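Let's start with one chain on its own, the form predicted alone, as structure tokens.
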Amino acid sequence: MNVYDGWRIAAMLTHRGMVQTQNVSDADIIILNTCAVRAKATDKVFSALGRIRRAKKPSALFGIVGCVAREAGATAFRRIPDLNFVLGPQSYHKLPEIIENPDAKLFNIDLGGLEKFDSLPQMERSPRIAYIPIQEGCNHCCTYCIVPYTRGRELSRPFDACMRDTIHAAKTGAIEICFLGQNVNGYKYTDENGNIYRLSDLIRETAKIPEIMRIRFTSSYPTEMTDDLIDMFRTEPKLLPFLNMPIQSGAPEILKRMNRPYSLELYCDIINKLRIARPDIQISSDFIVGFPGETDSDFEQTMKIAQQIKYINSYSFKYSPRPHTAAAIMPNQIQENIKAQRLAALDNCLNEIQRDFNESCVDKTLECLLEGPDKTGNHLIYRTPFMQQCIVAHRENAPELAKIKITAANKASLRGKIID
């Protein structure tokens, strides 16, 4: 979602005649787009602001947008007095105000509606993978999560607006569409005639666009994985056989304390339905270890569910207390060294599962989407239908979608050869 926000901010400034630079000392305006989901991310923001402050030219405007701006509020100005603007995640479309009046401090962290999506110009050229936000905010209020505070309650964008952005992306270069939302599979929009649209409707309409060859969505909430959406994996070949569906913990008591109101039985039943609908589907997940009150037995249940589901790619983190969340003041906070030990054990388990799956792909031929050259310029990076990174030798005029025979694999990536 922050990548999308960054693209739209850049398009807005480009539309006003500005050009991008990667050199802070050359910049006339410097925008730090931020995430507050973990404490470490917030700490990094203020460290980066200090470095920018020292490196920028005196006349340059600089500030923060996004979730840390919403979390820090007016204290951001006290910590970094020469900030020019602090704009929450639903307010960055107000940046032209600071450009037009550079002597004024701009501060807006209000939780608005969806106006930012319609207030900014479209990008003239879309990347191959286009992110289309269909929601803002979340209603689930997990006890560890700051999102309901930083992005507000859940709002679904109008169906026609989502399709307008999708069609524009397709006509300007997109091959793959990724629908975004904090609770993306909970998308539900009712139009003025009472017609109800769900994520499955967006997928169905997007699949009709000739230029779009791949569709996916993230991030999903288990109880919102409805049968109509599961059936899309059976009926729509453009929908990739890959799904991120966070479980967070394998311990029922911890899920209860997290305010994740689903049972392990329900979660596993959804996975089974998905695998019946699309036998080659692969699942990724998110995990939090060291949540307040987590026992050794609770953690072992998390290890067990990871081994049972066999997630091919997961994001695992130590629990991080966040302001405005119930978990931050819960008793039985776990010591950092125990969190670190559990995270290392879980990562080792997940890495082995990922390695095994990657190795199972050797000698298979997969249709992959070009991302671009690697840092050396000697290779090209493609993405498989399961979102693995596949590295091939550089060649001129490489196809954007290519059939690649996988020749080698390790934990992190695949190697392959384009089949002409």
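These figures come from a predicted structure and were not determined experimentally. All residue numbers are counted from 1 along the displayed sequence.
Here the subject shifts to the form predicted together with ligand 5AD, a form of this protein not shown in this document.
Figure note: of the listed segments 210 to 218, 281 to 289, 226 to 234, 164 to 172, the one touching ligand 5AD in the model of the complex, with heavy atoms no more than 4.5 Å away, is 281 to 289.
Proximity of S91 to ligand 5AD in the model of the complex: non-hydrogen atoms within 4.5 Å are absent; the residue sits far from the partner. Taking the partner from the other structure, ligand 5AD in the model of the complex has a heavy atom within 4.5 Å of a heavy atom of F317. By the criterion of a heavy atom within 4.5 Å, R322 is counted among the residues contacting ligand 5AD in the model of the complex.
For the chain shown alone, S200 is not a contact residue for ligand 5AD in the model of the complex, no non-hydrogen atom being within 4.5 angstroms.
Candidate site formed by V37, Y144 and Q248: every one of these residues places a non-hydrogen atom within 4.5 angstroms of ligand 5AD in the model of the complex.
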